[in-house]
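There is one chain below, alone, in structure tokens, taken in the form predicted on its own.
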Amino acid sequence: MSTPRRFFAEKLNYPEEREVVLDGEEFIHAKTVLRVDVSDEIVLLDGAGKEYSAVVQKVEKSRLIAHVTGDSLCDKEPKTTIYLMCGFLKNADKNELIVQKATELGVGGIAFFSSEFSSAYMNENKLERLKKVAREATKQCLRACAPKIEYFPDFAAALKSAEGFENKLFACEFAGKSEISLSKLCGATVLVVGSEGGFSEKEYMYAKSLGFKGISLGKRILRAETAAVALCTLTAYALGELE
């Protein structure tokens, strides 16, 4: 038996209201791509951690109506917060790859930033595309909360968004060896990875002044997207999220 299709829905007010309308992009995807029809079982997501079992009652021209039959707390969400900050890359596909894989690995938030050696520029359409990738990846991997996607044009502002995290890891070629062991991580963790051009020494020293610890990812130079996915994977494993 296949897993019921999953969709983000707005204005869920169960159990007071049991009829839910699905419209917009989610409806278009449901009807034209997934061919959802009357009597199909689906799962609705409120974006806050709950999932709602439902049965499609009616499929109209621009919306479908589903009857909610129950709710539960999603057990696929990570227990420990991981926040990824990554220099925005020139290649759109690589940015999307980072968002997709980080979402699958349980990252709770993803922020892209511009830095001294960055040569790519964000705009509203690109940001919306990355948010859509995050939502699709969330549904595919059976999570209930899509990670928040942000962009910081200012490097300092990006780093300051990590205040309050127990672990602050800064992946950089200047770090000859790691200042903290990933195997000993415990608690909310923020990860910083650069763009294609890496970081300047000034940026590295500024990060250290804010409490970030230098992290080495080995003796080989990794592509930015490889470094981002690798560091997310190692961190998720160290925090027990891949067990």
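Quick caveat: nothing in here was measured; it's all calculated off a predicted structure. Counting begins at 1, following the sequence as shown.
Same protein, other form: the form predicted together with ligand SAH, not shown, and the subject of what follows.
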Residue 40 within 4.5 Å of ligand SAH in the predicted bound form, heavy atoms: no
Proximity of residue 227 to ligand SAH in the predicted bound form, heavy atoms at 4.5 Å: yes
Touches ligand SAH in the predicted bound form: residue 187 (any heavy atom, 4.5 Å): no
Distance check, residue 179 to ligand SAH in the predicted bound form, heavy atom within 4.5 Å: no
One residue of 217, 210, 59, 55 in contact with ligand SAH, assessed in the predicted bound form (non-hydrogen atom, 4.5 angstroms): 217
Stretch in contact, per heavy atom within 4.5 angstroms of ligand SAH in the predicted bound form, of 64-72, 179-187, 41-49, 193-201: 193-201
Sequence-ordered residues of 165-181 touching ligand SAH in the predicted bound form, heavy atom within 4.5 Å: 171, 172, 173
